[in-house]
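This document opens with one chain alone, in structure tokens, the form predicted alone.
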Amino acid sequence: MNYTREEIVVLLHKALNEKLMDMVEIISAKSEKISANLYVVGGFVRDLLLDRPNVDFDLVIEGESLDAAPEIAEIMRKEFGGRIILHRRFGTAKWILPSKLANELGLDILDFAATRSEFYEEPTKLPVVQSDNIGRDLYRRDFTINTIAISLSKSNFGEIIDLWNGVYDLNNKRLDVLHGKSFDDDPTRILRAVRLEERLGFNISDRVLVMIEESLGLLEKVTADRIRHEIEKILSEDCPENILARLCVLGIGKAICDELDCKNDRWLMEKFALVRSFDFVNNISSVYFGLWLYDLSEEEIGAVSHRLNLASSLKKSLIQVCRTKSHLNVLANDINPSVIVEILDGITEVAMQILLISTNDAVVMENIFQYYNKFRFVKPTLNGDTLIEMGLDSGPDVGRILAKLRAAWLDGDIYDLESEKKLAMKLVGDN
């Protein structure tokens, strides 16, 4: 399908609110004053033509140098407020909008980038950047469907720039790269290809599948943070389990780290769907991650944590899951609340949620629910000072007796302050 300028203008007005359209016209006028052209590119244009929502509104400035984008961003900041984050090496600037303007426009940040070309001296390394025209700028991008630009300049507002057959591939639901060295330039595009294939319902072209297979070895050279960032993006998708399964089939997980050659069977599909059904799961990506790695040993979790440079909090949760799995057979019985607390006390909410969702045993699930909703909040009324006043020496015995008092409350052996004091006096006397 070919689009006229008039059709694109209609789509833009449909996708952007009136205030944002007005702001685009202002930025276009500012760009014209410094003899620069304004475009919107990338994912926003792709999704605009697919009639999909996308607020990732990236503006590209075609000027005389890499300074064009930072200059426009600074002009806008001076007139409307906010603050600017600059990356002059790449000719980019983020305009953090003031809160009132952000509410009016429906977004918090506007990204500006100067048109540029890139040269990779070595695979996986950051590129050498230089100012260039819009055509060369589009050529450096990952997939043809992300190379489509729309002019926002007054003279040709709404005109599509499609130099690499992006519209054709959109129409044919085809995911293709621009050139044979695309994955050499940036191996993380391998993960991005699988993520976009699933999200858009497209098919990776046969040529690109061969390129992926030939480029898998490059992934081991990519830094931990860049790989982890791509995995985090995958886990933020609507149905990440399908993407993880595809990574497994294509050998991508194993290429990143041997331990990431995880099973991706019906169990995982069911558990990920279950995560989305629970409204108490706040950190959904971490719970996904724990379910994905559920079968791994503590040593294997350590290897994955090192390869991906996982946050210490997530690593802690994953290790707690490993250590607690061996006690699930105990939780499968009708046991006292104090035993449940002994097993589950101290583990993070993420670890608890992973354990809860991973089990198919109704008794285990009920015991974890009871801990999560009730038992963990049960505490003795008395405290250490009270025990010392009863004659107990300060030291580790204080904590031990408080633990016994808590267990007695949990198991119903005491039921009010008087019975708690009576038991406390006996424990202090026995001590």
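Everything numeric in this text was worked out from a predicted model, so none of it was measured. Just count from 1 along the sequence shown to find any residue number.
FYI, the form predicted together with a small molecule isn't displayed, but the following is about it.
Listed residues Glu300, Asp169, Asp142, Glu197 were compared with the small molecule in the model of the complex; Asp142 is the one with a heavy atom within 4.5 Å.
Interface residue among Glu259, Asp176, Glu241, Asp186, judged by heavy atoms within 4.5 Å of the small molecule in the model of the complex: Asp186. Checking 401-409, 385-393, 372-380, 43-51 against the small molecule in the model of the complex, the stretch whose residues place heavy atoms within 4.5 Å of it is 43-51. By the 4.5 Å heavy atom rule, the three marked residues Asn146, Arg192 and Lys233 all count as contacting the small molecule in the model of the complex.
The small molecule is not shown here, but in the model of the complex it comes within 4.5 Å of a heavy atom of Asp58.
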